[in-house]
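Next up: a single chain in C-alpha cells, the form predicted on its own.
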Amino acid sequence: MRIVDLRSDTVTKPSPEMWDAIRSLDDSKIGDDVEGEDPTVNELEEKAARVIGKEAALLVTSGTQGNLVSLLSQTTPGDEILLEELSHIFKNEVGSAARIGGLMIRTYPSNKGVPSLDKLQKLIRDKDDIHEPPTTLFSGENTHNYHGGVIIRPEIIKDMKEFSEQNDLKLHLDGARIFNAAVSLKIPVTEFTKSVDSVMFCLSKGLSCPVGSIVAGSKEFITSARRYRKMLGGGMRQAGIIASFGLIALEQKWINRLEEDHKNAKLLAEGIETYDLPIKVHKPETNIVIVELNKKTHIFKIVNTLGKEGILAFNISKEKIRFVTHYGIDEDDIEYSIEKISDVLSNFLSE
C-alpha cells in the first residue's frame, strides 16, 4: 500500500548530499565535542551562528533540549516566564521548564501567535514585591505550530523585543521552523532573529537532518547553555557524525528547497477546499495545513481510517487535523492524498 506520511516534517530522511557528506568523514573530522575537539561540530556551530546572525551557537540533541537550555541559561529557579498558550514549550515539552528549571509558567493568549502587548503588560509581576515571583523571560514561536505554521512577522518580533526591554525581560524565540518563515516571505532569516536574545531552530524538521537542533545567542549565553546541555545529558562525544548532516542542511540552496514544501501545502489545502463538506481549511502560510471539522464526529476514528488508507496525519485537537509537507513528499503524493482524504472525510461527514 502506498504511504504518504504527512504527520510531521520530523519524518524526513537525509538527502543524497547528506549521505555523501557522512561517507566522506574520517578520523581527522571527528573528536570529543564535550572537550570542544570535534572539528565538524565546531564548523557547524560557527556556520549556524553566521547564518542566524548571532555571536555563537551550540548543537543540541533536539528542539526540546534547545528550548530548555535557553530558558535555564537566562533565568533563576523561582522566576516566572511568559509562554503563548498553545506554544510547543508549554504544550509539548513535558513541563520541563517547571520540573527541571524550577520556573513558574504564565501563559498568554494571542492572535495566531501574536500577543496583545497591552494585555501582556498586565501579566508582568512586580519585581519589588517579595510575595511574587519575578517575571524574567518572554517567549514566542515562529512559525507557530498549533496555529497552522503561521509566520510572526519581523516587525512584530521587534515590538516584542521593545516590550521585553521595557520590562527587563529576556526574549527567547522558539524558531523550530524559522527558515520556513524566511523562505515564505523571501527575506533573510536574520530579520527574524536580530531582535531576540536567544533562538532555537531545528535541523531535524524541514531541513531534513536525522537529528539535532541549534541554539544561538551571545557568547556568554552559549557558554551557559553548554553547561546546561551537559547537565541534561546532551554532552555528545564524536558528534561530527551528526553535525555533517547539518552542514549540508544550512546551505542556502537546501534552505530554499523549503519553498517546494510550501507549494505542496498550498496545493493540498486548495484540493481539500473543493470538498463539499462541513470543514474549514486554514490557509497555509508555510508547510502546515490545518483542517477543522465543523461537524461533531470522532476525530480519532478519522485519523485512524486515514492511516489505514495510507495517509498519515495527526489530530491536534478534537476538531483539527494537521497535515505537514516536507522533503520526500512530491506533487503526485499530494494529488493522491487529496483523493484519499476526500473519500475518508466524505464517509464520516456527509449528511
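Please read all numbers here as calculations on a predicted model, not as lab measurements. Note that residue numbering follows the sequence shown and begins at 1.
Absent from the display: the form predicted together with a small molecule. The rest refers to it.
Using a 4.5 angstroms limit between non-hydrogen atoms, residue 284 is distant from the small molecule in the predicted complex. In the predicted complex, the small molecule lies within 4.5 Å of some heavy atom of residue 145. At least one heavy atom of residue 177 is located within 4.5 Å of the small molecule in the predicted complex. Looking at residue 67, you'd find a heavy atom of it within 4.5 angstroms of the small molecule in the predicted complex. Shown without its partner, this chain lists 249, 242, 202, 82 as candidates; in the predicted complex, only 202 has a non-hydrogen atom within 4.5 angstroms of the small molecule. The chain is drawn here without the small molecule; in the predicted complex, the stretch among 153-161, 223-231, 276-284, 194-202 whose residues come within 4.5 Å of it by any heavy atom is 194-202.
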